[in-house]
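Just one chain is shown here, as structure tokens, and it is the form predicted alone.
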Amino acid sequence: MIPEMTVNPQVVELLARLHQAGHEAYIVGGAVRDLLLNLPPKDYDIATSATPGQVRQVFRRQARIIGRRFRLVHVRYGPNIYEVSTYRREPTAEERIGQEGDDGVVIWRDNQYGNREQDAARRDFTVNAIFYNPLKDGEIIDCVGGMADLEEGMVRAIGSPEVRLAEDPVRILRALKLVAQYDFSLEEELEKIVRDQGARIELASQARLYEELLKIFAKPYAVKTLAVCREFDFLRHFLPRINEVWDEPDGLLMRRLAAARDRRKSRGSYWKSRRLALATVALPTALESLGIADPSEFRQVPEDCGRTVRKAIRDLFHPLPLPKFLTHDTKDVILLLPRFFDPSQKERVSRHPQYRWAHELFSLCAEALDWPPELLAEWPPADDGPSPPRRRPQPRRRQRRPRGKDGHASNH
């Protein structure tokens, strides 16, 4: 059973408002799985009988309908946003086909509404399809055997594994993330399909895969997740360049640095910086592109190396679409590292917009490579506030010449 006090009070209020409006509403998915494992949920997803329009009527200005492939509602409580989705049913063969040449398997649009049981039957894995209502004596509804699989530590597809993964290839990655995060095992048939269908990830939206990568970096087991992807022969389809360098010297260094970051992240509050995450993984490959094998030898920035480092970062995460500004900032973080070997530059370097991330990256290098602690002793610690906004240069205003009484510009 789940103690009611462990559920976020905002989520309880959100459910109550939907119930008061005459709709069914449950917590579902990863939050229920984590609560049953006595882990604090990172996110809460709500499933309801209300349509997106009805949800918006309940929450009015707090609610915003988003999505085309999968329409749902974001409900805002202060700084927190909760996803509220309407019960859905399995689409028919005609409803599946979403673009010319489609084989009718991949679900390009998923907005056919249904009931609670139909919604459970169309989800990906049994451990993600348990419904929980803290307002009704901790009511738990399990239509697909998720409780038993959770107790056994088993990732099992709902229905045919081949169909489930073909419907949405991103589910392959999500299955492997469950293995990495919880030490679960893949059900035998599911494991075979995961190994056989890894190349289908190329059908998924690259933007979605980029978001999945950021979610991997947001958790304290990024290295383990990538290792599991490689174990199941999936990494070569998801991040082919990282798969290529995995056992190379720069790949081994990448894993050491990322493991140091994971250890720090597991201790509690830690920066959510995407720049730091990407720089931690990309540093060894960036150095290799500059002909530098050891970070301790990175004492001087070669001239005109920015383009080379940016290309190395993009190639490492290819084919995922890294935003240009993020690639540029990640490059800046990496190229600040040599400055930390020269304390005389402290005053100027500490004012750089990317200083805090470069300071932390240098600290991770020191931990992973057993550098002497005095290397950072003279550098001020990075603050934990927000990065200063980038100021765009303002256009210069033309000076108007004074005009004479006749309205013409004066030459004086």
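Position 1 is the first residue in the sequence shown; the rest follow in order. What you are looking at is a predicted structure, and each value in this text was computed from that prediction instead of being measured.
Quick note: we don't show the form predicted in complex with a small molecule, though the next part is all about it.
- Using a 4.5 angstroms limit between non-hydrogen atoms, residue 42 touches the small molecule in the model of the complex.
- The shortest heavy atom separation between residue 356 and the small molecule in the model of the complex exceeds 4.5 Å.
- Although the partner is absent here, residue 187 lies well away from the small molecule in the model of the complex, with no heavy atom inside 4.5 Å.
- Heavy atoms of residue 174 reach within 4.5 Å of the small molecule in the model of the complex, making it an interface residue.
- For the options 128, 225, 285, 86, the residue carrying a heavy atom within 4.5 angstroms of the small molecule in the model of the complex is 128.
- With the partner removed from view, the residue among 195, 215, 318, 76 that has a non-hydrogen atom within 4.5 Å of the small molecule in the model of the complex turns out to be 215.
- Partner proximity in the model of the complex, defined as non-hydrogen atoms within 4.5 angstroms of the small molecule, places exactly one of 163 to 171, 197 to 205, 286 to 294, 247 to 255 at the interface: 163 to 171.
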